[in-house]
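The chain that follows stands alone, in the form predicted alone, written as structure tokens.
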Amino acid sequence: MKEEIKKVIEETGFPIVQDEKSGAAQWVDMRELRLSYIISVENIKPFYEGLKEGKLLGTKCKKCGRLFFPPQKDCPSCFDSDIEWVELKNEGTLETMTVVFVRPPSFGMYDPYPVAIAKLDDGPKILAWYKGDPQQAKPGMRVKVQVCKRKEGYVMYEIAPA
């Protein structure tokens, strides 16, 4: 395929080819992206400990009272560091949802998957995989956040119909 793309670039100046199924123009990047990373989560360890117990935790600024999810070490609103951990209500309303068909390589072992944004009853918005029929999902419907185990073996959370 790389040779085909090189030829297309020589002819047109761009690595743009026509999709075989839809006929749509597609940019074909010649670079391979492989990424491994380590991220410190020391400052938000209680979040993961809560997930292990089936709880969804966020942080609340003691100075301005704002509630955050994902949890924050410092308040991004008033920049204060006096933060407390709070258990969030696991119910809310669906704001939007989409299905990811073009998956990054790290999610290649998954079928196309729905991703949703919900607004929790206590305020914060949450982005997560949606467990339910995407055809039945409607903005404003009641949803819940539930702790689950992912295919990779680790604990995470997802949004599901209430």
Partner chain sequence: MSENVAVIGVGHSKFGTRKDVNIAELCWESMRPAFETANLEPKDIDFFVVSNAGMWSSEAAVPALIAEYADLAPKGSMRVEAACASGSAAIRIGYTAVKSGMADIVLVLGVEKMQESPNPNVIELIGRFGSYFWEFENFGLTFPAYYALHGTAYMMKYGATEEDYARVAVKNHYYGAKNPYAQFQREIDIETVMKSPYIAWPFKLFDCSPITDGSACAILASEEKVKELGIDEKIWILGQGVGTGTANLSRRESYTSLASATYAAEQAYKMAGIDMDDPTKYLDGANVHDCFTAPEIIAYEDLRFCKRGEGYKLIREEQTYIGGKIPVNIDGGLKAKGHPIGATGVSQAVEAYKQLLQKAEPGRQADINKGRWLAHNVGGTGHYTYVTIYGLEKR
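Rigid core here is just the name for the largest C-alpha set that superposes within 1.5 Å across the two forms. All figures in this text were calculated on a predicted structure; none of them were measured in a lab. Positions refer to the first chain, counted from 1.
We do not show the form predicted in complex with its partner chain, though everything after this point is about it.
- Taking the partner from the other structure, its partner chain in the predicted bound form has a heavy atom within 4.5 Å of a heavy atom of D19.
- Using a 4.5 angstroms limit between non-hydrogen atoms, M30 is distant from its partner chain in the predicted bound form.
- Among residues of the shown chain, N43 is not one whose heavy atoms approach its partner chain to within 4.5 Å in the predicted bound form.
- Using a 4.5 angstroms limit between non-hydrogen atoms, I126 touches its partner chain in the predicted bound form.
- Within 4.5 Å of its partner chain in the predicted bound form, a heavy atom is found for every one of P71, E95 and V115.
- The partner is not shown here, but in the predicted bound form the stretch 142 to 159 reaches within 4.5 angstroms of its partner chain through a heavy atom at R150, Y154, M156, Y157.
- Once you line up the core between this form and the one not shown, the Cα of D133 stays within less than 2 Å of where it was.
- Once the cores line up, the CA of E42 ends up less than 2 angstroms apart between this form and the one not shown.
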